[in-house]
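Given next, in structure tokens, is a single chain: the form predicted on its own.
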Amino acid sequence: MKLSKYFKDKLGLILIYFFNYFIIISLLIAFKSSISLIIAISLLGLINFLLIFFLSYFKKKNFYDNLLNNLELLDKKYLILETLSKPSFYEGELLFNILYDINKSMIENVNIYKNSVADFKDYVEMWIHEVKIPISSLVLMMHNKKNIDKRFIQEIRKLDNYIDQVLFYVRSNYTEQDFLFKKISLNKIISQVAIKNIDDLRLNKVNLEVLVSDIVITTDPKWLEFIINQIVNNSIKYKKENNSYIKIYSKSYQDRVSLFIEDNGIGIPRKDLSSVFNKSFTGENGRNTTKSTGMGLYIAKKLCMKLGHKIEISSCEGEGTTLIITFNLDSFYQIEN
């Protein structure tokens, strides 16, 4: 709070004060009061003005400076009221009460919104779990039919994958409530992904080569399996016509482990590479080669960030794509028994 601006704001009142002060001095002179009395009253009037002005200024300055400084430091600005003490001057009390009412109203509306979103999330999760039961049954029934066209299985697998995307996208905003970190073999997670995609790999004639050493990492297996599955699905979707392969291998470093998922597919155009993790981005391949939602890699990136893993991509159009997921091995992930 600047003194110059405060002075300018109170200039009207100051002018009125000195106008009255001038009238009083003029009357004293007109009634031929003694010089010493006029000087004494003048000094008292000036001291009185300075005391009132500066006491009021510093009282308000402390409150408003504290308000502005705390507001600047806060990420969540709506918590500003929690950092303030109730002021001792009337204008400040009015502002404090207004902020309190605004904050209370905001919290009530946010709670209504949160409850609505939570109800919708619960409904979507329940619906997805119900839908996945008949999908699994259909896959099993088709496997038991010898002469069934394998493309039916492929389409049902696509449907199952899209439903998984919806489920994990809904949960991605509430991951902290669903995380279960534990130490697990990276090989075990890759095996689960391979089993889940075995039909698609065979039908699309894609060779899967796994060269992952027996490394134990700390992660949430369910979420990581979903992330790797999205990457493998993309590699199958954007494969070459002939001699297609997906190679999954790992490299160990002193403080981290990197998992490489490499394919020799059609690759990604250079102009699209920087946007592949953006929400709903389909790019040239998604428009020309196959219908794409543009959500798979977006969700994978979002989940990796929340898990504390790092995901990167490199690609050359016409040659293939490599996704790299890096797992830290530092004390941040150590789990106490």
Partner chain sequence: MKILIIEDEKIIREELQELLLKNGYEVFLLTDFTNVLPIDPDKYDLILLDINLPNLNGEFLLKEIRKTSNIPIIMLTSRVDEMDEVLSITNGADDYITKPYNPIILLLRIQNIFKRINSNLDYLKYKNISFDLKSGVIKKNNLKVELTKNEMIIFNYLLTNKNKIISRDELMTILWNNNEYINDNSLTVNISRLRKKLDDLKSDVVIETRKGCGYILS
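Numbering follows the first chain given and starts at 1. Since the structure is predicted, the reported quantities are computational estimates derived from the model, not experimental observations.
The form predicted in complex with its partner chain is left out here; the points below concern that form.
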Practice task
Look up in the predicted bound form whether L167 has a non-hydrogen atom within 4.5 angstroms of its partner chain, and give yes or no.
Solution key: yes
Practice task
Decide whether S88 counts as a contact residue for its partner chain in the predicted bound form under a heavy atom distance cut-off of 4.5 Å.
Solution key: no
Exercise for the section: Mark N242 yes when one of its heavy atoms lies within 4.5 Å of a heavy atom of its partner chain in the predicted bound form, and no otherwise. Expected result: no
Practice task
Mark N144 yes when one of its heavy atoms lies within 4.5 Å of a heavy atom of its partner chain in the predicted bound form, and no otherwise.
Solution key: yes
Exercise for the section: Heavy atom within 4.5 Å of its partner chain in the predicted bound form: which of I198, M106, L73, I98 fits that? Just give me the one. Expected result: I198
Exercise for the section: Answer with one of I231, L259, I217, L208: the residue that has a non-hydrogen atom within 4.5 Å of its partner chain in the predicted bound form. Expected result: L208
Handout entry: Heavy atom contact within 4.5 Å of its partner chain in the predicted bound form, the stretch among 249 to 257, 136 to 144, 109 to 117, 90 to 98
Key = 136 to 144
Handout entry: Every residue of D160, L180 and K222 near its partner chain in the predicted bound form, heavy atom within 4.5 Å
Key = yes
